[in-house]
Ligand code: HEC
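Shown below, as structure tokens, is a lone chain in the form predicted on its own; questions about how it binds or moves come after it.
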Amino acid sequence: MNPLLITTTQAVDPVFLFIFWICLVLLIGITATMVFFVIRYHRSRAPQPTSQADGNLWLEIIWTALPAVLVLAMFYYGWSGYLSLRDVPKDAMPVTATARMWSWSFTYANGKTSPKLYVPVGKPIRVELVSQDVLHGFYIPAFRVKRDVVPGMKNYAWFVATRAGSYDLFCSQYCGVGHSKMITTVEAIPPAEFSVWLDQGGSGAGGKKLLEKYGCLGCHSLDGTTKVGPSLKGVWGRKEIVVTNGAERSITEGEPYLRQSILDPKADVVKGFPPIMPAFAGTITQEEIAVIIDFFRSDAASASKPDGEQLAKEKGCLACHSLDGTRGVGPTFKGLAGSRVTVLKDGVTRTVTADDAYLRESIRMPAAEVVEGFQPIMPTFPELQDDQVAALVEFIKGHK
């Protein structure tokens, strides 16, 4: 980092400490003087006034001049710090921060977007501030940066992350019911790692990237949790009750509904949620909408496939079979697929290959061939469907 560069933290902290210590000295001095006068000139000690002075020119000059000098010093020191906050270094890296209800999106010069602000350590960052709806506030306490993000008005902030780490980034202006959730982070990483991250591609890499770009994940989750808006997990083909022109009706969330919900979200509002989603007509392209809808469709397709790991956890397989090679109640899954195992079948010991057929049979009829050295205590699972058994087999094969 440039040793001559004054960071925003270095510009703000000395001014704060200067004003703090002046205020502390004045507080102690004035309080001590008041206590002294209360005790020294209490009515019990001085029932009648003894002083005949009606003024003191030098005292009046001091108590006028001294505060004036202190206030001017505070102003000069604060003004110098403010200029440092507005004077952006010439080599600062540009990033555009887009605020919307209720999320942040950061766009880099190569078009890449991210819901978090990734920055290289030691590099000045100039953040152009844009609001797509209401008044927001760009606030990073760690770097002493706080600027309003006003719709239709150009504004900016800059800072330098001198050390690697994760720093909170808040919205400092009340911007609606989801204001408290409008939180993200500044991820300061070494310059080499940042270059690798930045070169990983732009926002068009997939539907999830587009959801991040347009701030959708600030109000909608992908894991099933309810936020300001309904979760996007399993949205494709899901049945919902929506309110249309004040009347409730049942719909299936397919391509027409999803497309309309992006362009005109207030047309059909899911029951139980407020109609606060902004319209993206004129903002998002038809190609991007198609990518997002394909993301929902593929997510639904993958969700319909059984998850072998989840099944192994639900059925208690991992309570008896380890994944790291350690011996448990049953043989470890690590390296089991394709290996040669000695089993006992109908009282006869023989060696077999743990191929797909063997693994399927061991799940369906675990007592048919018991691995030597283990007890035949594994229960049967008649409720498992063929695709679930196949998912468990693939899960076992994945642990070489």
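Between two forms, the rigid core is the largest collection of C-alphas that superpose within 1.5 Å. Keep in mind the model is a prediction, meaning the values are calculated, not measured. So that there is no doubt, residue numbering starts at 1 and follows the sequence shown.
Keep in mind that the form predicted together with ligand HEC is not shown, yet the notes after this line are about it.
Proximity to ligand HEC in the predicted bound form, taken as a non-hydrogen atom within 4.5 angstroms, holds for one residue of 143, 158, 214, 138, which is 214. Taking a 4.5 Å heavy atom cutoff to ligand HEC in the predicted bound form, the contact residue among 89, 229, 81, 176 is 229.
Residue 235 belongs to the set of residues with a heavy atom inside 4.5 Å of ligand HEC in the predicted bound form. Interface residue remark: residue 123 is not counted as part of the site for ligand HEC in the predicted bound form, having no heavy atom within 4.5 Å. Contact between residue 382 and ligand HEC in the predicted bound form is not found at the 4.5 Å heavy atom cutoff. In the predicted bound form, at least one heavy atom of residue 321 sits within 4.5 Å of a heavy atom of ligand HEC. Note that among 191 to 199, 112 to 120, 81 to 89, 253 to 261, the stretch whose heavy atoms approach ligand HEC to within 4.5 Å in the predicted bound form is 253 to 261. Contact check at 4.5 Å (heavy atoms) against ligand HEC in the predicted bound form: none of 99, 171 and 398 pass. Residues 341, 358, 359, 362, 363, 366, 369, 370 are the ones in 340 to 370 with at least one heavy atom within 4.5 Å of ligand HEC in the predicted bound form, listed in sequence order. Taking 2 Å as the criterion, residue 151 does not count as shifted between this form and the one not shown: its C-alpha moves by less than this amount when the rigid core is aligned. Superposition of the core reveals a Cα shift of less than 2 Å for residue 73 between this form and the one not shown. Relative to the superposed core, residue 263 undergoes a C-alpha shift of no less than 2 Å between this form and the one not shown. Distance between the C-alpha atoms of residue 234 and residue 113: shorter in the predicted bound form than here (change of 3 Å or more).
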